[in-house]
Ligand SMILES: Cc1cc2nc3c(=O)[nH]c(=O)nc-3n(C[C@H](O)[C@H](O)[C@H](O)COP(=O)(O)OP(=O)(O)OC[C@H]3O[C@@H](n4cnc5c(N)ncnc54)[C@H](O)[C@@H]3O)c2cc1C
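Taking the form predicted alone, here's one chain by itself in structure tokens.
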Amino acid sequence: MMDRIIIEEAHRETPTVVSLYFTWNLDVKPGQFVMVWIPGLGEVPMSLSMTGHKKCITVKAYGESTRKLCELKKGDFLYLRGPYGKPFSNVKGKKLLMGGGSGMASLRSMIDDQSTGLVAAKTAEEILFEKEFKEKQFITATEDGSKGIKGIITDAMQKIDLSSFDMIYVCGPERMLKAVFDRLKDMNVRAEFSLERSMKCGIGLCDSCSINGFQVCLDGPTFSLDELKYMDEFGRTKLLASGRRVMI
């Protein structure tokens, strides 16, 4: 069932990212996603960056559909169905939230006093949600060196004691996820990853999001470190909208 919801606020986070705030009286847990319909263009899966009474989707303009979403204003309508998917585990204690680019949006709703953010982006102006973390609990890496550590997220990982966290949550492009996974897989840590895959239905019918027999929309989008160890397609291949499998 598709719900039509009024946008209460549209806030530009960066030159390419916009947050759309709205009220939606459904229970959504961090890590779950919704299917957003853009009239004339179809549907796209989106994680929520706020999951309380007031909700939010944070959108990066990278294609025609997402550019159209980024143009929406207060008073415009969103068309949503869901929520779908397996949420992040609710772990108490010290959390490390690792986000690449707009992937930080999926992790935003878990920020609290015990959270440390480790965020990577191409430039300083694309860093998301720094002010929502406590002072000295936020680490950045930028490819151009304009903020924080010059490099990528795995360079920043070397600056912290990963074993000191009760849970590590990771979201971003799959190449980034695979690089983080390769660093963590032989360590004694707990970690969950949110996978981003092409989806047409969000309910397990189209199989466009499959990976090693798992459907990201039903079995994920969150997967544990141990689950990913058995997915040899992770970080290597993906399905296009046509159904053809290609190298990432």
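Each residue number is its position in the shown sequence, starting from 1. Keep in mind the model is a prediction, meaning the values are calculated, not measured.
There is also a form predicted in complex with the named molecule; it is not shown, and the following applies to it.
K.L.:
Choose one stretch from 173-181, 98-106, 154-162, 139-147: the one whose residues place a heavy atom within 4.5 angstroms of the named molecule in the model of the complex.
P.N.:
Residues of 98-106 come within 4.5 Å of the partner.
K.L.:
Is F33 close to the named molecule in the model of the complex, meaning a heavy atom pair under 4.5 Å apart or at it?
P.N.:
Yes, F33 is a contact residue.
K.L.:
Is there a non-hydrogen atom of G63 within 4.5 angstroms of a non-hydrogen atom of the named molecule in the model of the complex?
P.N.:
Yes, contact at 4.5 Å.
K.L.:
Taking any heavy atom pair closer than or equal to 4.5 Å as contact, tell me whether K185 reaches the named molecule in the model of the complex.
P.N.:
K185: no contact with the named molecule in the model of the complex.
K.L.:
Does the 4.5 Å heavy atom contact test between E43 and the named molecule in the model of the complex come out positive?
P.N.:
Yes, contact at 4.5 Å.
K.L.:
Considering only 192-216, what residues come within 4.5 Å of the named molecule in the model of the complex, judged by heavy atoms?
P.N.:
If the 4.5 Å heavy-atom criterion is applied to the named molecule in the model of the complex, 192-216 yields L195, E196, R197, M199, K200.
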